[in-house]
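Below you will find one chain, with nothing else, as structure tokens; this is the form predicted alone, and questions on how it binds or moves follow later.
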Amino acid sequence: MKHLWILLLCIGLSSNAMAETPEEKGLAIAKAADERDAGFGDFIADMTMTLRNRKGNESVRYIRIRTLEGEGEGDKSMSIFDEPRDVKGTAMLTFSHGLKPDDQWLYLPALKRVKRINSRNKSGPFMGSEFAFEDLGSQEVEKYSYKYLRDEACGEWQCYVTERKPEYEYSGYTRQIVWRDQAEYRVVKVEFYDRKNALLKTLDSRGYKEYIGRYWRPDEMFVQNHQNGKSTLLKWSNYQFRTGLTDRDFNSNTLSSVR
């Protein structure tokens, strides 16, 4: 009996040693989500951005989006503003990286020049929205450290809830809490905590649709800022994948002439 007890104890210790830590499981979930979305190549889409202030007043902007999947590095993306007249022609270009600061350029027609975004200013708001410049890059796995928190129902799905903390410099966030569904690793909700570790804003993504048999994209992304009362709603439409975009379509030197 004594030998049996020792054997069971050893098996128990071995199982505990092999069990994933919360940090390992959080990283595994992030890697699985990244792999699940790999291989899309490129896509274009139309987007309507609705800004709402604390009083409920709204302004609407119409934007075209282009994204090229990175090979060995982060994605490249471009946002081109078509309306209203006061922002028409504005264009934002982002080269995403891992721990290295993202490269970002903004063309402002009123100034007739391309402005490079300083890495120290990535926490600033993008074009008056509740999205920060740092939110616009692809979310490379190595940008964060991770921790699994729990499983939890999220609407009709069951979600992994994880915490991730920025590992890159000059982030405006101390941490983010992320809800991903367990079937397809779609981001359902993200809570963003500011540098004082207070809840700053919440992102809700909804209306997911599957494209070319594998890739899921939301119809809407809604950000509510809990500190200033403002919100931003992004409505996506006309997704097209594998359109033939190349690196030549993402050039900071030609940003001012993008159509």
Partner chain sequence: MDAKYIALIAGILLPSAVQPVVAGVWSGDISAELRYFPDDALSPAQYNDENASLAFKPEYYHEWDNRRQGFTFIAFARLDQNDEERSHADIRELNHRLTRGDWEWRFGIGKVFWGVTESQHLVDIINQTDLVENLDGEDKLGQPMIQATWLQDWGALEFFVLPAFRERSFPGAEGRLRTPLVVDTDRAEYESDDEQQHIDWALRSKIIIGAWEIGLAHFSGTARNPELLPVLDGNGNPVLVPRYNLIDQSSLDVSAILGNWLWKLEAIYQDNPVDSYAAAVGGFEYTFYGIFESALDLGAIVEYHYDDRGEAARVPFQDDVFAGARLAFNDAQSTEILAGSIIDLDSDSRSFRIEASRRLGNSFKLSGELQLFSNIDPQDVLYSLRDDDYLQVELGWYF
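Numbering follows the first chain given and starts at 1. Everything quoted here is computed from the prediction, not taken from an experiment. Between two forms, the rigid core is the largest collection of C-alphas that superpose within 1.5 Å.
Unshown form predicted in complex with its partner chain; subsequent notes refer to it.
- Remark: of stretches 198-206, 53-61, 22-30, 217-225, the one touching its partner chain in the model of the complex is 53-61 (heavy atom within 4.5 Å).
- When contacts are defined as a non-hydrogen atom within 4.5 Å, all of Asp86, Arg248 and Ser252 contact its partner chain in the model of the complex.
- Under a 4.5 angstroms non-hydrogen atom cutoff, its partner chain in the model of the complex lacks Gly98 among its neighbouring residues.
- Shown alone here, Tyr173 lies farther than 4.5 Å from its partner chain in the model of the complex, counting heavy atoms only.
- At a distance threshold of 4.5 angstroms between non-hydrogen atoms, Arg150 is out of contact with its partner chain in the model of the complex.
- Its partner chain is not drawn, but in the model of the complex it has no heavy atom within 4.5 Å of Ala91.
- For the partner-free chain shown, just Gln240 of 223-240 comes within 4.5 angstroms of its partner chain in the model of the complex, judged by any non-hydrogen atom.
- Superposition on the rigid core between the shown form and the other one places the CA atom of Gly128 less than 2 Å from its counterpart.
- In the core-superposed comparison between the shown form and the other one, the C-alpha atom of Gln104 has shifted by at least 2 angstroms.
- In the model of the complex, the Cα positions of Ser119 and Phe43 lie at least 3 Å nearer to each other than in the form displayed.
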